[in-house]
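Given as C-alpha cells, the chain that follows is alone and in the form predicted on its own.
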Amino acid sequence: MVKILVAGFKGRMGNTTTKMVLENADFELTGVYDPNASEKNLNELSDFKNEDVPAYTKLADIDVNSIDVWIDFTSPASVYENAKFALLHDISPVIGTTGLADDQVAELKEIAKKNKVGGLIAPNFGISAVLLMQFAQQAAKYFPDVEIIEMHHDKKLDAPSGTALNTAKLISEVRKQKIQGNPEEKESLIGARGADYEGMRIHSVRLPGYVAHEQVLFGGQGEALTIRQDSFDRISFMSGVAVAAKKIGDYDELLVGLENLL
C-alpha cells in the first residue's frame, strides 16, 4: 500500500482528496497536514470521526518515515516549502497547488534529480483538462490567433489559473510569437484585454458557483474554433490524483503535467 499524507486537508480539495485516499484499497492515509489546523487527529472532524490519523500543524513534527507520497492542495504561499520538504525527505510530492514560479520549479527539479525522488506538479488533475491542453496545442499549429478564458470559484487565490498558464505555455511551443488584434487598440479600462502571454490574451473570471472551467478560442479567416472544458465537482480531479499517487514512486525525477503519467 502507498502511504500518503494529504497537505491542506482543511480545504475543499484537501477534504475531497482525504476521502479518496481513505476509500482507495491501494492507499493508506498516514497523516494530514495544515498549519492553520487546530486538530491533533483527523477524527476530530465530523466527516472523519471513525479515522485515527495524526494531524500535523508543523513540518518539523511530521513522521517522514511513515510517508511515501505527499499530496499537496495548500496555497501558493506555502507549496514551494512543502514540496522542498518532501523531496529532501525522500517523499514523492504530488502537487496540485498552483502558483509556483519558474525558478522554484527549476530548483525543485534539481533537488528531485539529486535525491532521485519522483514527483509531479500538475496544473490540473482532470483528464478533460489534460485533453483540452493537448487539443489546444494541436489547434495552435493552424490557428495562431488565440485567447484563453478561465473561470473559477471566487475563493481561488491566484490568477491566471495554472491550467490556463500551462495551456498558453504549450501553445507557445508551436506558435510563433505575434501581437493579436488591432495594433492601434487602446484600453478605456486598464486590463480590459486581459493578461498578455507572448501575444496571447488570458482572461480570468472569479465567481461563486463555478469550480474550474476553461475555454480556448481560436480565430481564423471566416472561421473560429472553441475548445472548452468544465469541471463541475472536485471529485472529477480524484482519478488523476489517484493515478499520480500510484505511479509516481516509479520515477526518479520531478515531472510537470499529468499527461506524463498517462
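One rule holds for the numbers: they count along the sequence shown, beginning at 1. What you see is a predicted model; the values in this text were computed from it and never measured.
Here the subject shifts to the form predicted together with a small molecule, a form of this protein not shown in this document.
Contact with the small molecule in the model of the complex holds for none of Q134, K169 and F218, as no heavy atom of theirs lies within 4.5 Å. A residue is said to contact a partner when one of its heavy atoms sits within 4.5 Å of a partner heavy atom; P144 fails this definition for the small molecule in the model of the complex, lying far away. Proximity of G162 to the small molecule in the model of the complex falls within the 4.5 Å heavy atom cutoff. In the model of the complex, the small molecule sits beyond 4.5 Å of every heavy atom of S92. With a 4.5 Å cutoff on heavy atoms, R175 does not count as touching the small molecule in the model of the complex; it lies far away. The stretch that touches the small molecule in the model of the complex, counting heavy atoms within 4.5 Å, is 154-162, out of 108-116, 135-143, 154-162, 186-194. This chain lacks the partner; the member of A212, I67, A55, I227 within 4.5 angstroms of the small molecule in the model of the complex by a non-hydrogen atom is A212.
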